[in-house]
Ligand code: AMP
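Only one chain is included here, represented as structure tokens and corresponding to the form predicted alone.
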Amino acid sequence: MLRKRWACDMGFNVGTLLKDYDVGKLSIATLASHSALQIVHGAKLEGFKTTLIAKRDRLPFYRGFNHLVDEYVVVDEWSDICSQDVVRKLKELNSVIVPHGSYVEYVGIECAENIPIPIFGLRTLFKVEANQKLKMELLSKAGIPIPKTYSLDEAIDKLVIVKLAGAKGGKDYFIAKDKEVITYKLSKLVEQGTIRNFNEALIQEYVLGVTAYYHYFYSPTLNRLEILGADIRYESDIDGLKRLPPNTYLEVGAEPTFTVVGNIPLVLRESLLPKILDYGEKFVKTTKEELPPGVIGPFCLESIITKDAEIIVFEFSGRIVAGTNLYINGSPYSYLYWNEPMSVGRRIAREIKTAIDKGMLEKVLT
């Protein structure tokens, strides 16, 4: 079963982790990066204490938001989060870690999976998310339409995009249309130490259309999937090249790259929403089957919408995504669910608060 390939044995359960906690004094903790300000802002609105784990050189910026942060845990390197001193401090603060896009990328998969602190969300999804091929395998198993994937052992007869593992925000992705170019560019990335071998890269059909990223939230306390927003990612240099006349990008010595530099709000055609919800429900169901107890809280399906309004999902993120930072005061969708401003950061805190009230805290933490 696929479940065996994705499982990790942490040697503890969330009940053990909570044994010495004062649940009435939980602190919402996260790394000072990515969507941290949204997370602590939402936690404060729901009455929680907050903790930022910050590198020393980032403190001056985050101290400008001291009204949102009760405690700072300062580290010299991100990997220090798993040190005995930091773990002891987080436990003293009754911390629950909320992972975001920088979490695994910064601290490393071993620390991310095995830190003995309760995590809001599905801990075993980290390993899948860090591997492009496992991600596509999970989406395929869910019955969600995905682009064709190629290997270097087969003929490549159309435009492809080559992606690297991990939350790199599109950095070093490239497009190509033959194996020689792919092999050459991957060799350069190996030489630079960006990847260890060709197998770390995913070669995927380049689907033409509009990119759209859907922000979901699965609530174990309500047994409900919510669509909380959507965005488009602004990428350099591919979005800048759109402004040049056709076929002139070679004249300026540029090739398309895909480093994400920001996010743009998106409100979708309402006729697309039933399909988007269906894809999200399929994802939730499959994670419950393959990675029990299944996804908890925020996740994102990342797609192309074609000219025929087909939705092809090329990737997923198993936690809060940076596009949700657009909606600190809530999105049109979250407002329709809650009839009040509801960011994803606040939605996380609301879920933890509801879980405490219902005696379901172990259902939302791993």
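Just so we're clear, the structure is a prediction, and the values are computed from it rather than from any experiment. Residue positions are given as counts along the sequence shown, with the first one as 1.
Missing here is the form predicted together with ligand AMP; even so, the following discussion is about that form.
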Query raised in the report: Any chance 290, 299 and 318 all have a heavy atom within 4.5 Å of ligand AMP in the predicted bound form?
Result: no
Query raised in the report: At the 4.5 Å heavy atom threshold, is residue 207 in contact with ligand AMP in the predicted bound form?
Result: yes
Query raised in the report: For residue 127, is any heavy atom within 4.5 Å of ligand AMP in the predicted bound form, or not?
Result: no
Query raised in the report: Wondering, does residue 235 line up within 4.5 Å of ligand AMP in the predicted bound form on heavy atoms?
Result: yes
Query raised in the report: Would residue 305 sit within 4.5 Å of ligand AMP in the predicted bound form, counting heavy atoms only?
Result: no
Query raised in the report: Heavy atoms within 4.5 Å of ligand AMP in the predicted bound form: which stretch among 179-187, 264-272, 157-165, 86-94?
Result: 157-165
Report task. Sort through 72, 150, 258, 78 and report the residue having a heavy atom within 4.5 Å of ligand AMP in the predicted bound form. Result -> 258
Report summary line: Answer key: of 333, 62, 314, 48, within 4.5 Å of ligand AMP in the predicted bound form (heavy atoms) is 314
Query raised in the report: Which residues within 260-299 place at least one heavy atom within 4.5 Å of ligand AMP in the predicted bound form?
Result: none
